[in-house]
Each structure stands twice: as C-alpha cells, then as structure tokens.
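Shown here is one chain on its own, the form predicted alone, set out as structure tokens.
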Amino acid sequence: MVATSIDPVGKKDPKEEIMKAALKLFTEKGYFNTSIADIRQLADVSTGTIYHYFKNKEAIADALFEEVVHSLEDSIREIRKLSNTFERLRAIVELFFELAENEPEIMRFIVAVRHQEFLGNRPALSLSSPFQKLTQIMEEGIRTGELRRMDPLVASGVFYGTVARMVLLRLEGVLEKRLEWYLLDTWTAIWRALSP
C-alpha cells in the first residue's frame, strides 16, 4: 500500500518517505499530536520538501486515506471475482489478517485511527468504496441464499466487527500468535453467524 519507491540511482522517493512517516506517526501518536516537524524528522526530508508535495498536514492525511482506500478497493475488486460468498468473505478475512501481520501501520490506520479528525466533509472510512463493496457482497449473498436473511449492514457489522477486533487484539499485543493461527476459529465464528 504505502510503498517506498527507489529511483535507479538508489534514492528514495521523498513523497513516499513523507507518507510512510506520517502513517507511522498518525497511528502511534494520533493526527493532532503529530506535527509537520515530526514528519520531517522521521522522513529525513526538509520542511520545504514536505510543502513541495503537500499543502499541509491535512493534505498528507488525505493522501494517505486515498491511497489506503484505493488499495483496499483494488484488493476487494479482485476478491469479488471469486465464485461464491463463502470464498469472497474468507478471502477478505485473510487479506485483513495478512495486512495486520505484514503492514501493521496500515491496519492501525484502517481500524484504529479516528479519520474524522482530518477527513473534513468526506464520508467516514466505513462508508468508503471498499466497505460499500463489502456490503454489496453481503447483499448478493443474502439475495442468493448463501447468507441468512438480515439487513446487509448488520451482516457487514458482524463480519467487520469480528475481523477488526481480532486485528486490534493482535496489534495491541494481546494475541501473541500470528493471526493465521486464529483464522479458522475466527472464520468459523463469522460464517456461523452469517450462514443460513
């Protein structure tokens, strides 16, 4: 998601370094407790470089939000190509668990950061396109009889609430084992709650 680009000469992309630093700081300290100076120091760039790429701290947060949303949307778009609701939902659980293990700052940004602090008039993350696609998967599953008849938003809440809680427990160090170890139990609980 937030990846570092290296040019052929071996220099890191300053914009990507700024975004990586902001992601780390926003998830560890919070948006309001992070300053441009903090981002500058961690990214190891000048203040001028930050303002070359971003108008202000809000613009950095907005760019991060957009990148995370687009990346999630791409992943869920691919997952929707799977043949049934069971496979799609399980693949989303696996995606979130894998992100939590391999890119914990991104998962903290998704599940723990208070996005309304910097989103302004934007809709909340839970109303963004990837989460709307999750609700559409629920609607399709209910319509085809693969999921029990219930409000699709309730189904999404059961699904996402369980996944997000497991991710948070791992990120907070409560779960000592990697999330893959808990995948079968987590998936079984979700599927029992949603299946007819």
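Heads up: residue numbers just count along the shown sequence, starting at 1. The model shown is predicted, which means the values in this text are computed figures rather than measured ones.
This next part talks about the form predicted together with the DNA, which is not shown.
Among 136, 35, 129, 41, the residue placing a heavy atom within 4.5 Å of the DNA in the model of the complex is 35. Checking 165, 52, 148, 70 against the DNA in the model of the complex, a heavy atom within 4.5 Å turns up for just one residue: 52.
Residues of just one listed stretch (137-145, 27-35, 165-173, 61-69) have heavy atoms within 4.5 Å of the DNA in the model of the complex: 27-35.
The DNA is not drawn, but in the model of the complex it has no heavy atom within 4.5 Å of residue 161.
Residues 76, 88 and 152 are none of them found to lie within 4.5 Å of the DNA in the model of the complex, as judged by heavy atom distances.
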